[in-house]
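Quick heads-up: it's one chain on its own, the form predicted alone, in structure tokens.
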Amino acid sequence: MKEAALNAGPHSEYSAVMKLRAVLFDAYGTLFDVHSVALLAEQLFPGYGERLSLLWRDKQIEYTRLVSMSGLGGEHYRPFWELTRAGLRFAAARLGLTLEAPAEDRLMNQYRHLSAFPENRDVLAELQRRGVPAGILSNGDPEMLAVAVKSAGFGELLQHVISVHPVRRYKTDPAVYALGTAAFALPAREILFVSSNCWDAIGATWFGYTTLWVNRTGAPLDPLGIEPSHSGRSLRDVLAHFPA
């Protein structure tokens, strides 16, 4: 057994099982389906639901990067809720849609209560059964996350729900990823960071986390000369990294 440990590579299945002591999940896109708003969007704007959802998400993330990169000290920071609303308004305008206040409020409320992916609760419950502490590290502001977690019924299954809000920056800023290691009081390599967003998994890998990219859509890897430690197609792949 000792010889196997010596011969195991840094991201081998053996070393991952032996060293990982906690799990940290991204929220939006990983635990919560950001495109579950498309159904309501389609009802409000027939023929535009999917396009509105995709452009909305793209602008939301673009705005997080803009405010993080445009100055030191977080002086341009705005809460994720505000950036989400700004992204919706841009997407509607770009598609030539008239976004009246009642429709905007309905879509924003739907975003506050995004659907969780169907396997997630079982995975979180199994991690708890195995004694593996789990948490969220998200761009979402505290109120958004509190509502989403409560709506999904995940509260008792998560040890930490961490927002970027205290550092006034967004992923992939290292100060954000450091919030996770501080909360668990563990080195990054001993935490499995799980995200369905390839850019987030890459940022967390650069920071030093052991990472799992949950590639639900079969997307190509971003060709930046680095890969997440592991990849899978479902949140269930998390369980392979912890002993039953």
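Only a predicted model underlies this, so the values are computations on that prediction, with no experimental measurement involved. Quick note: we count residues from 1 along the sequence shown, nothing fancier.
In what follows, reference is made to the form predicted in complex with a further copy of the same chain, a form of this protein that is not presented.
Interface membership of Arg65, defined by any non-hydrogen atom within 4.5 Å of a further copy of the same chain in the model of the complex, is confirmed. Among residues of the shown chain, Leu83 is one whose heavy atoms approach a further copy of the same chain to within 4.5 Å in the model of the complex. In the model of the complex, a further copy of the same chain sits within 4.5 Å of a heavy atom belonging to Ser70. Using a 4.5 Å cutoff between non-hydrogen atoms, Arg78 counts as a contact of a further copy of the same chain in the model of the complex. Each of Arg94, Lys171 and Leu224 places at least one heavy atom within 4.5 Å of a further copy of the same chain in the model of the complex. Looking at 182-190, 199-207, 43-51, 28-36, the stretch with residues near a further copy of the same chain in the model of the complex, meaning non-hydrogen atoms within 4.5 angstroms, turns out to be 199-207.
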